[in-house]
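Single chain ahead, by itself, as C-alpha cells, in the form predicted alone.
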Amino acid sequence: MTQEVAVLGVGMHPWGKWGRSFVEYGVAAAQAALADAGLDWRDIGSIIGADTVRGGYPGYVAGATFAKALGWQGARVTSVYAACASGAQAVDTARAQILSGLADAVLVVGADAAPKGFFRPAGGDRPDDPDWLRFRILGATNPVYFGLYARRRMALHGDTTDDFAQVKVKNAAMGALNPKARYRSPVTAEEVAASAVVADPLRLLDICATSDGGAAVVLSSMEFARRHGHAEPVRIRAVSTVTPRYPNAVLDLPDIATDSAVAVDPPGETFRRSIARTAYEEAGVGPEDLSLAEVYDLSTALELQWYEDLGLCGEGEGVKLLRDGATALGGRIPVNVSGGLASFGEAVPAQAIAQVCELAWQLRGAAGDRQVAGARVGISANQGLFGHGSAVIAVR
C-alpha cells in the first residue's frame, strides 16, 4: 500500500456557460481551495495544472498560466494532459512530488471553457490521428459512441431506454441539491423520453452537456498537514492511471475498430475494470468497503457500465442495482451524489478534480443535503481518450 497524502483544501467555480476565460474559473477554484486549507498561495511549493486544448497556448501550459494569474512566487510548475483523465494525472503527479520529498504542499488546478454543442477535433488535416479520423471518416461525435455503448448493453444485458432514463432521474435529483452544479432541477423519466433523439437510443437528457468550470485541490504530506492544524484530514490512498492491455476487444472512443484477437487472447478483464482493480489493490480495499462512488456518466448507459466495472455488482446487474435504489442517496452504495455529469456537464480538465472535491466533502461530512451518512471510503473513476485510466480512492 502506497503512503497516503492529505487533502487539505478543495474548491470549485460553479459549472455553467459563463462566457469567460478558463483562467478565471481556475483561479477562483484555486483561491477557494487555498482558503479551505487555511494556507496562503506562498505556502505552496508546487502547482500542477491540468491542461485544456481550448484555451490556446495558455491552455497547453495550464500550470504556468495559473501560477502567473495567482502571482509568480517561485513554486515548481507542471502541466499535464490526459483528456478526461487530466485531473487524475495532475493529482497523481502532485502525490508523486509529495511522496518523493520534492514539495510539502501542492496545488492542483483544472479549468475549461467549453464550446457550445459537441466537442470537435482540433483544426488541420491529420490522417494519422484516430480522433481526426473518426470525425472525418465516420462523422462520429462523442454521442455516437455513447449510443453504441448503450446498444451494446441492450443487446447483452437487456437494458431498456427507461432504465437509462432512471439514471438521469436519480442524478438530477442529487444535482438539485448541489450549489456547484449547472443543472439544478429534478427531471422525470417522461421528460427524458420526450427530449430529442441524439444518438439512438440515447436522447438529449441521456447525454452530458459541455460546460465551463474549474476545480482545485491542495494536497500535502501528512507531516505538513499536522503542522498546519489538520489532525485528521481526508487522505488519498490510491490513484490508478493504468493503460489498456492488448488486444482490446471492446470498441473504445476514439477508435473505429477493435484489436484482432486472432493471435492473442483478450485479457481477462476490460480496461475499465483494470482501472478499478488497480486502485483497490493499491488502497488495500475492495468494492465492499466503499461508502460512495463518483463515476464519469458521459451518458446514462455508461453510468450503469461503471457499476459493473467498479465491482459494485455482477456483470449485467447494473440495472438491478439502480432499480433497487442501491445507488441513490440513502442506498447501499450511492453513486454520483454530486449529481454527476448529468447535472454538471463536462469541463474536461476540471472534471476528475471535481470528483475528488466531492469525495472530500462527503468524507468530511460537509456535503449538506446530499451527505452520505457515515462516509469513510470513496472512489472516483473515469477514462481519458487514448487509454488513460483514472481512479482515485480517498479515505477518512
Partner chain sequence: MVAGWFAGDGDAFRLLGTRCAACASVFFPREDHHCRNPSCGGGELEEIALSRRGRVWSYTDSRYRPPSPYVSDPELPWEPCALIAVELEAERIVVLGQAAPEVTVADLTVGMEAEVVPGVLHEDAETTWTTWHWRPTGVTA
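What you are looking at is a predicted structure, and each value in this text was computed from that prediction instead of being measured. Residue numbers count along the first chain shown, from 1.
Not pictured, yet referred to below: the form predicted together with the partner chain.
**Q** Would all three of 222, 284 and 308 be in contact with the partner chain in the predicted complex, where contact means some heavy atom lies within 4.5 Å?
**A** None of them does, since no heavy atom lies within 4.5 Å of the partner.
**Q** Although the partner chain is absent from this view, report whether residue 76 comes within 4.5 Å of it in the predicted complex, heavy atoms only.
**A** Heavy-atom contact with the partner chain at 4.5 Å: absent for residue 76.
**Q** At the 4.5 Å heavy atom threshold, is residue 271 in contact with the partner chain in the predicted complex?
**A** Contact check for residue 271: no, nothing within 4.5 Å of the partner chain in the predicted complex.
**Q** So, in the predicted complex, is residue 139 in contact with the partner chain at a 4.5 angstroms heavy atom limit?
**A** Residue 139: yes, in contact with the partner chain in the predicted complex.
**Q** Counting only non-hydrogen atoms and a 4.5 angstroms cut-off, does residue 189 reach the partner chain in the predicted complex?
**A** Heavy-atom contact with the partner chain at 4.5 Å: absent for residue 189.
**Q** Only one of 258, 160, 185, 243 gets a heavy atom within 4.5 Å of the partner chain in the predicted complex. Which one?
**A** That would be 258.
**Q** From the list 71, 127, 101, 179, which entry has a heavy atom within 4.5 Å of the partner chain in the predicted complex?
**A** Comparing distances to the partner chain in the predicted complex, the residue within 4.5 Å is 127.
**Q** To test your reading of this chain, name the stretch in 140-148, 209-217, 276-284, 312-320 whose heavy atoms come within 4.5 Å of the partner chain in the predicted complex.
**A** So the stretch in question is 140-148.
**Q** Just give me the residues of 179-211, first to last, that have a heavy atom within 4.5 Å of the partner chain in the predicted complex.
**A** The stretch touches the partner through 196, 197, 198, 199, 200.
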